[in-house]
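Just the one chain here, laid out as structure tokens, in the form predicted alone.
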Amino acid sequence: MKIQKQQAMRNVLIGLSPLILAAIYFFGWRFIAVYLVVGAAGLLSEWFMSKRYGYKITESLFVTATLFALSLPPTIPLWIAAVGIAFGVIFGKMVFGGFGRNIFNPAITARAFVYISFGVPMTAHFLSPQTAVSSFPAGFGVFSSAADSVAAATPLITKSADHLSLLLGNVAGSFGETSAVLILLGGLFIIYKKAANWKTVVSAIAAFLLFQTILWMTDTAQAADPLYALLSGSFIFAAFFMITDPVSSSQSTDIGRIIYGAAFGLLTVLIRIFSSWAEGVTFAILLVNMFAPLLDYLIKEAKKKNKAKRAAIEKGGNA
């Protein structure tokens, strides 16, 4: 089995390594089991499609598997994790022709599939790393139900966690989305390595904070304070590692990246507050993924028209 090397994907994996280590520390063998199952099922799915249709297996697969595993709740049944990654790899990437041709982010496609198909296992959390920061060996020593866990992917519904806990990761939540500090460290690394574009990330966070602040200050129902809303849920994780995907995001121009990121931030706030889905990141990503090719096309066409107009004006002036 030959796997095509991709240095950018390796840099993303390095950026994700703090979250992987934290997930192992917080949740112990459970994350290791999920990670191994997801990796094996994803590799098998991509190998099957590659053998059948002559596609190439790329190192992006391991990024997809890692992102998907980190987005799962600690109580997810292993068979659902396997089915989810298989769906994401096959229908989120390989049916489009493999890496570089897919419209949607395969990891978020997998997450959306299991979120919609297996709602209870994806939204019922019974594990909390509440002792992870203050007590060793955290997830290795304790793996039982926790009374302060919340019935959601993150503390978005009950708003029970404080800001410091959200920063450190000492809250109930998905494997890799609980510690904002570690997400920031990994995210800044991939920006430094140019595996992600900072304009997309900054525009997403800025739009999110601006719109969340407006709704919070106008006392809109379900609108948490902007800092809490930013740190809770999977928004920061997605802003650095999901919407910066080089294939499914807008990549042609800086203005396209800014619009793309801002649209993601805006849609996340709208879905979180005005829909029945407390965590709006998944559907926000799928929506901006869907319109990214159109956005790039419209911007390119506009630039062509402006260039043609300038050329005509210059030609007329010279005449």
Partner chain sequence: MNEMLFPIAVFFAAAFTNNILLTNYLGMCSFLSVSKEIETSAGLGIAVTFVMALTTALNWVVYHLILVPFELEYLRFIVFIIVIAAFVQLIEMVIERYSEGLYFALGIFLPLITVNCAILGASLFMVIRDYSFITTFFFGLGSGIGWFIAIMAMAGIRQKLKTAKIPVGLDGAGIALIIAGFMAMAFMGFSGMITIS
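Residue numbers count along the first chain shown, from 1. Computed from a prediction, not measured in an experiment: that's the story for all the values here.
Beyond the structure shown, there is the form predicted in complex with the partner chain, which is absent from this document and is the topic of what follows.
87 is the sole member of 99, 237, 87, 211 with a non-hydrogen atom within 4.5 Å of the partner chain in the predicted bound form. A heavy atom within 4.5 Å of the partner chain in the predicted bound form is found for one listed residue only; from 118, 216, 91, 228, this is 91.
Segments offered: 285-293, 36-44, 23-31, 66-74. Contacting the partner chain in the predicted bound form at heavy atom distances within 4.5 Å is 285-293. Shown alone here, residue 251 lies within 4.5 Å of the partner chain in the predicted bound form, counting heavy atoms only. Remark: residue 57 does not count among the residues lining the partner chain in the predicted bound form, judged by a heavy atom distance of 4.5 Å or less. Taking the partner from elsewhere, residue 270 is found to have a heavy atom lying within 4.5 Å of the partner chain in the predicted bound form.
Among heavy atoms of residue 200, none comes within 4.5 Å of the partner chain in the predicted bound form.
Site residues 53, 113 and 277 are all in contact with the partner chain in the predicted bound form, judged by any heavy atom within 4.5 Å.
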